[in-house]
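Below you'll find only one chain, the form predicted on its own, shown as structure tokens.
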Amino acid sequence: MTTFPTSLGTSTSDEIRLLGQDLTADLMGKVGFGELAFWLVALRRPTPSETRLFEAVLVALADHGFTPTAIAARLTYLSAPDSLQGALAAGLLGGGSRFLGVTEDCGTYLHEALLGHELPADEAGWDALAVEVVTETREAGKYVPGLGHPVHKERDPRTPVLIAIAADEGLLGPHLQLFQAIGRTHEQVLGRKLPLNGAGVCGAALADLGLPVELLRGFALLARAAGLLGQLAEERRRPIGMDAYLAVDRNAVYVDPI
């Protein structure tokens, strides 16, 4: 018979195995969900230090108030209360370049910037590399992902905490070091000061953990799934979906096409 190899989960009539472990004997009650999520992707069990940083990233990305993803989930639930999965999916589908996707965009940006460069030996070297990278990005007519935030104009409160955790656990790797240097130097290239946003720092931290940069948005969506479930639970307790819908619909004004 044709076989289909997997390093993830298999089962028989009396046993379930996951990652080469007995699910019930080795994992349930002994491995945290965040640790397992890391393990499933990296195919190696994270160290306690890696687990702490990884789970801090998940917490940082879980919820950020009435973002478009949360509103989409709530309005979908208003329209189809029989489809919790549809409401959850609607919120997740909104994870893109402005919300949630920045995590992957920033991790990828930093990863590509580091390719072909020797890692600097000191802060001055990181700053010089950051100026070079930001200058190239500006000359290409592009934006540096992870710079700026629609709400946190001066400082994203998640940024220093995530960096401190990474430093405390000995996980302040090249992606975070380059991103910090971009934070210190971008003003001299762009002519204005912007904060390093938390989603970007999350991307840098995940890349430093050795996770594939092509999958970083998936971790942001994993975190936001928990936040969206909370949003939908609150929509059941204290609904605002109908008010949001009516506020737009009742204030719609017809204008001639341009």
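Given the structure is predicted, the values throughout are model-derived calculations rather than measurements. Don't overthink the numbering: it's just position in the shown sequence, from 1.
Here the subject shifts to the form predicted in complex with a further copy of the same chain, a form of this protein not shown in this document.
J.: Pick from 159 to 167, 137 to 145, 175 to 183, 114 to 122: which stretch has a heavy atom within 4.5 Å of a further copy of the same chain in the predicted bound form?
T.: Correct option: 159 to 167.
J.: Within a 4.5 Å heavy atom cut-off, is Asn197 in contact with a further copy of the same chain in the predicted bound form?
T.: It does not: once a further copy of the same chain is placed as it appears in the predicted bound form, Asn197 has no heavy atom within 4.5 Å of it.
J.: How about Glu50: is it within 4.5 Å of a further copy of the same chain in the predicted bound form, going by heavy atoms?
T.: Residue-level check for Glu50: no, no contact with a further copy of the same chain.
J.: So, in the predicted bound form, is Ala205 in contact with a further copy of the same chain at a 4.5 angstroms heavy atom limit?
T.: Looking in the predicted bound form, residue contacts with a further copy of the same chain do not include Ala205, since no heavy atom lies within 4.5 Å.
J.: In the predicted bound form, does Gly34 have a heavy atom within 4.5 Å of a further copy of the same chain?
T.: It does: once a further copy of the same chain is placed as it appears in the predicted bound form, Gly34 has a heavy atom within 4.5 Å of it.
J.: Can you tell me which bits of 212 to 249 touch a further copy of the same chain in the predicted bound form, meaning any heavy atom within 4.5 Å?
T.: Contacting residues: Glu214, Leu215, Arg217, Gly218, Phe219, Leu221, Leu222, Ala223, Ala225, Ala226, Gly227, Leu229, Gly230, Gln231, Ala233, Glu234, Arg236, Arg237, Arg238, Ile240, Met242, Asp243, Ala244, Tyr245, Ala247, Val248, Asp249.
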